[in-house]
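Next up: just one chain, as structure tokens, the form predicted on its own.
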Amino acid sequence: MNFDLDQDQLDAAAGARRFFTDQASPAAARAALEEGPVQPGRQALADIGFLGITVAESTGGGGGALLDLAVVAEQAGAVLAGPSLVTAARAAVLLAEEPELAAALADGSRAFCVVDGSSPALDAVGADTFLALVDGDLVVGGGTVVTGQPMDATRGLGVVTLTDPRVLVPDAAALWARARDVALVVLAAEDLGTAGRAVEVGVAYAKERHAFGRAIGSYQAVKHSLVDAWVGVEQLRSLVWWSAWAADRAPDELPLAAAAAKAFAAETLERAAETCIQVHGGTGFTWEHDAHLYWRRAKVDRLLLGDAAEHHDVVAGLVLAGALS
């Protein structure tokens, strides 16, 4: 049994890494904090095919698996790219039986946002088509968006008021639940990339910075902190690949796997970002250094689609109910 990615997925990851490295960066994320555009932006993501990876080929998508999208999402997270591929993955599930809207998602001619009640919605800024669950029905329509002063502007958060919603799928609770689980998986994949990059930045500085004639990375307290953070990243990687595989091949396992991945992602990214800041000492707390950008992403993502405590409860409930028996 092979638990690793296959060669096609490794190639896709390498291609996505090149794209996102060219199109987005922590510097672009910093500019977004000052009302600059998020990078690479919706149309660039559509043009390269990333918004349509899991959209059916018959409607202009790639017809790929969620694992394919998760591989790309990890690379997006590493450079704090926006908008989030979480929205594309979730909308693709909700629009699976709506070919015109699914095609518009894949080619970027419509900018979708998925709304969870009154909570701030991911990628609401710049969206023109909103999906929501109202009285058990999936609805679609326009909306007005109110934003505040976002901690991480690349997430495009806003409170949405729907305008002229129409029912797209009646009695859609089960569809909505699957789409939310898929979103959890892709969010965990993005956090995997961000956490991994935060640790890499910390390791690089620990090798470069010297104190008392030695690289600070040679001191036990520093190296152990970085190793603990990196172990968390690798454990999260296993959870992300498992949950993505479950979405494609074992849907009965998806609720458990998705909740486990999201809960662990929230804690792993926060630990990685805080370790990065601590290793940098006073420099890490300054506005001039990029470390705070990873910390901002960690604080926002920790609460998106439910916090770690909520998903730990889900895991515990499913295990106690015999989900693995």
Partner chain sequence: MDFDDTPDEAAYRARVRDLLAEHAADLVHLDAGEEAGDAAEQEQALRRTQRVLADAGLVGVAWAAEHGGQAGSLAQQAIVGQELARARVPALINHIGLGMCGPTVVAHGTPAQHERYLARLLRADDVWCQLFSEPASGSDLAALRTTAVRDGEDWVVNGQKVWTTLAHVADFGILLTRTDPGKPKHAGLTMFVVDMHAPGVTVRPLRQMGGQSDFNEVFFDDVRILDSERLGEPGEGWRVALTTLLNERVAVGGGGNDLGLSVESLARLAAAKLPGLTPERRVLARQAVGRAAVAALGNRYTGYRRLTAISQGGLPGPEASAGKLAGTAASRLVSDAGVRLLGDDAVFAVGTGDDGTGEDGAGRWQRNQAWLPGIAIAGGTDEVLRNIIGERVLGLPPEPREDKHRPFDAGSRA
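Numbering follows the first chain given and starts at 1. Here the structure is a predicted model, which means the values were calculated and not measured.
Omitted here: the form predicted together with its partner chain. The next part is about that form.
**OP:** Look at the candidate spot formed by E234, R249 and E253 and say whether its partner chain comes within 4.5 Å of a heavy atom in all three of them in the predicted bound form.
**Re:** Yes: each residue has a heavy atom within 4.5 Å of the partner.
Original post:
Of the listed stretches (223-231, 146-154, 99-107, 169-177), which one has a non-hydrogen atom within 4.5 Å of its partner chain in the predicted bound form?
Top reply: Going by heavy atoms within 4.5 Å, the stretch is 223-231.
Original post:
Among V125, A132, V93, A206, which has any heavy atom within 4.5 Å of its partner chain in the predicted bound form?
Top reply: Selected residue: A206.
Original post:
Though its partner chain is not shown, can you say which of A260, A32, L293, A46 has a heavy atom within 4.5 Å of it in the predicted bound form?
Top reply: After the contact test, the surviving option is A260.
Original post:
Contact between G217 and its partner chain in the predicted bound form at 4.5 Å, heavy atoms?
Top reply: Answer yes; at least one heavy atom of G217 falls within 4.5 Å of its partner chain in the predicted bound form.
Original post:
Heavy atom to heavy atom, is V201 within 4.5 Å of its partner chain in the predicted bound form?
Top reply: V201: no contact with its partner chain in the predicted bound form.
Original post:
Is V315 close enough to touch its partner chain in the predicted bound form, meaning at least one heavy atom pair within 4.5 Å?
Top reply: Judged by the heavy-atom cut-off of 4.5 Å, V315 is in contact with its partner chain in the predicted bound form.
Original post:
Would D8 count as a contact of its partner chain in the predicted bound form, using a 4.5 angstroms cut-off between non-hydrogen atoms?
Top reply: No, D8 stays farther than 4.5 Å from its partner chain in the predicted bound form.
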